[in-house]
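Presented as structure tokens, the chain that follows is alone, the form predicted alone.
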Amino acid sequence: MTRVLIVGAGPAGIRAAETCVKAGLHPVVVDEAKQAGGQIYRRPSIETNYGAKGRYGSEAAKAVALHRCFDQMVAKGQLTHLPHSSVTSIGQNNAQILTDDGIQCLRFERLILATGAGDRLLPIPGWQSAGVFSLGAMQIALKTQEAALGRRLVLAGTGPLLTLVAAQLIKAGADVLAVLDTAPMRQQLKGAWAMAMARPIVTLRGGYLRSVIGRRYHAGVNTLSIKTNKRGPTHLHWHDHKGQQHQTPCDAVGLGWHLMADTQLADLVGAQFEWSPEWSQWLPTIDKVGRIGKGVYLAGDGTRILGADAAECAGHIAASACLADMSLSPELNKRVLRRYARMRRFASGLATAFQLPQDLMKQLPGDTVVCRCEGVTVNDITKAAQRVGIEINRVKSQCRVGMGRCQGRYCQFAASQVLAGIGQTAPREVGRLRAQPPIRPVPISAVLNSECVKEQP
């Protein structure tokens, strides 16, 4: 039996593994990528001309340090790395892992989930078209293959990823025509004060990114829609903060409204959830060291959207708590705790600066697609709610929203907003989609050949 299983090899997972290794343990680390680094420090899948500085910018030194740390532990045989693998189901001390060779069963004593976060997408008319991507997808293509997903690009949404991806694309030579931020400038300045008090250098770095974007950047935009043809986007229609209408020609669009914590595995292992007004999402309930129950710990953006630096701290803290519960008595670095508290203050300011647009979802036409996997529209959700009420799991059973390949990762939030509007209530009253195994698509052949299945009565 594996003593410690770590899911995720981003900043949180790497530091958790390092803490366990220093205590003399041999953890198993499962990650969906082929190399450790997470989304933020993702490494190229092919040889490119990009160096670390070009790929990670001001974070290059941190990225290289994390890569080296993990690679050295693997080379020395201090941990077992299962790359290109997904935990599809997890229960009490037992995980089913989909690898290139099929499904592997793994028993463990302790579990550290460092699952990270993904793009938060809001539906706008035309977003289901080919040529419309998440901001994260655009950044991954740039980092791993030095490719811009389109010739004439428009980026829209809000949050730090919006300006970061825009600046990275511009520096790489891509033709970015407009960067449309739905957060009003007044709101951004309100949050920027708290951000600057916690991390002044990082806040100034955000101002530098704005200077790279220049006059392409517009704050407080609304009423977004994408005009398309058979090949994809042709124009993005939008209104500026003064209410004036614009249309920007494009052949690719990147969308993203900050990030959503990936909490499905936490749900499967019994985490309790609470609605966070600050982050406008359901988040798992943890104690101050990331513990959610006996033998289970959460770290990184899978608990709160705090960023890569905070994820490193959280990984160390959660692993230290795990070791303490195993009577290995590690010394928890108080400096890490203070740094983590400062990161939380910064993230709180970030959430204030880039709040979600309240009116965008209210303006959607009935034929707007909400769930791209299943083609579910606003009208479909409305009709389902009229039959069974606004509870999201009941609506899911009626119209298949959240039943597609992404398992609700991209449509759950939008569907909740639609249902809240129908019921004229708060999104928290709609509830949240319950996670169901497998949380990733699994080939039928892998299931039939799995020893995990054969062992079951």
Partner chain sequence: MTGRLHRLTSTTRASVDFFFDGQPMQGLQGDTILMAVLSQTGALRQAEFGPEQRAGFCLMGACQDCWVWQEEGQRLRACSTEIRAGMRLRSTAGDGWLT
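Quantities reported herein were computed from a predicted structural model and do not represent experimental measurements. Positions refer to the first chain, counted from 1.
Below, we turn to the form predicted in complex with its partner chain, even though it does not appear here.
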{"property": "Location of its partner chain contact in the predicted bound form, chosen stretch of 224-232, 291-299, 185-193, 200-208 [non-hydrogen atom, 4.5 Å]", "result": "224-232"}
{"property": "is_contact(S134, its partner chain) in the predicted bound form, heavy atom dist at most 4.5 Å", "result": "yes"}
{"property": "Contact label in the predicted bound form: A147 to its partner chain, heavy atom within 4.5 Å", "result": "yes"}
{"property": "Distance check, D119 to its partner chain in the predicted bound form, heavy atom within 4.5 Å", "result": "yes"}
{"property": "Partner contact for G77 in the predicted bound form: its partner chain, 4.5 angstroms, heavy atom", "result": "no"}
{"property": "Its partner chain: the contacting residue among V336, L360, A219, A141 in the predicted bound form [heavy atom, 4.5 Å]", "result": "A141"}
{"property": "Answer option from W282, F354, W127, W238, heavy atom within 4.5 Å of its partner chain in the predicted bound form", "result": "W127"}
{"property": "Residues H84, C406 and R440 all lining its partner chain in the predicted bound form, heavy atom within 4.5 Å", "result": "yes"}
{"property": "Its partner chain in the predicted bound form - contacting residues of 157-183, heavy atom within 4.5 Å", "result": "A172, G173, A174"}
